[in-house]
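Next up: just one chain, as structure tokens, the form predicted on its own.
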């Protein structure tokens, strides 16, 4: 069994290798052109960084599915299961462009100041330009997907998956907003919300690789399920880390989700155990909350079993996600997909 430290090193190396290639492809697929301000704003967050986890999943699924050694094939002319060359890198860029589109609009809705250590797009430019930049990325993602050179029916399937994913992301965001005024959200509702808001893009990343490379429907469905399970586990673990990782490592105030009364699986479970979640901290200001207040809140949530409940739910989702990969050939790339799933709930800051 791989220890967490070795697994982290393996995953970060694999992601880093592919991130360089994805970044190069982004500049090719989304060049700065007239009107320059629009395209500079569109590229702004993409150029600011990001791990590129979703495109990495897409590329590694392609390698696992076709049983090729990781990083040995040209992603721009990747051989499908029926021997047609497919531009798998274009598909990887497409899903990352959608991710950037969602971040721009999320930051506008939340009026956040920072993203990836730089001012949010609407702060760096202006609100109108940020909205247009997000809209541009949304449409460009579909243009790029069409350029994958897969057989037409495969391109249609992949494009349909991406389109339905965007709809689900909007539905998930709407649910998240509605939860802000509710105190009766149950765990199943919360899991549905993060599935739509966060996990579906991981699911699409895995499934689109299968669709473009002519995998059977059963395999595509299993890959989609892997992404859903792992994506939900990733979000749940983010909820846990927000409470348990020191602020200097987290890059923001620890417990900010709790202070801002955001619904998480932890708080939803705690309410079901009779915890007065709204009374765990005495302020609604992230700047004013103190570390001892967060420590006391975390102790209460631990006593209620809510943090362990979230951790166990994430672990169960990862195990189920990994089991879905049994439809793939037994190879190094499949092992890497399992390592990515484990890393997403073991990672630190």
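None of these values were measured; they are calculated from a predicted model. Residue numbers count along the first chain shown, from 1.
Omitted here: the form predicted together with a further copy of the same chain. The next part is about that form.
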Among 132, 191, 241, 81, just one has a heavy atom within 4.5 Å of a further copy of the same chain in the predicted bound form, namely 132
None of 257, 221, 171, 124 but one has a heavy atom within 4.5 Å of a further copy of the same chain in the predicted bound form; the exception is 171
Three residues, 142, 152 and 163; all within 4.5 Å of a further copy of the same chain in the predicted bound form via heavy atoms? yes
Answer with yes or no whether residue 114 is in contact with a further copy of the same chain in the predicted bound form, where contact means some heavy atom within 4.5 Å. no
How about residue 101 - does it come within 4.5 Å of a further copy of the same chain in the predicted bound form, if we only consider non-hydrogen atoms? yes
Quiz prompt | Close approach of residue 273 to a further copy of the same chain in the predicted bound form, 4.5 Å, heavy atom | solution = no
Even though the partner isn't displayed, in the predicted bound form is residue 35 close enough to a further copy of the same chain, meaning a heavy atom within 4.5 Å?
yes
The stretch from 69-77, 208-216, 153-161, 264-272 that lies within 4.5 Å of a further copy of the same chain in the predicted bound form, judged by heavy atoms, is 153-161
Residues in 186-201 that come within 4.5 Å of a further copy of the same chain in the predicted bound form by at least one heavy atom, in order, are none
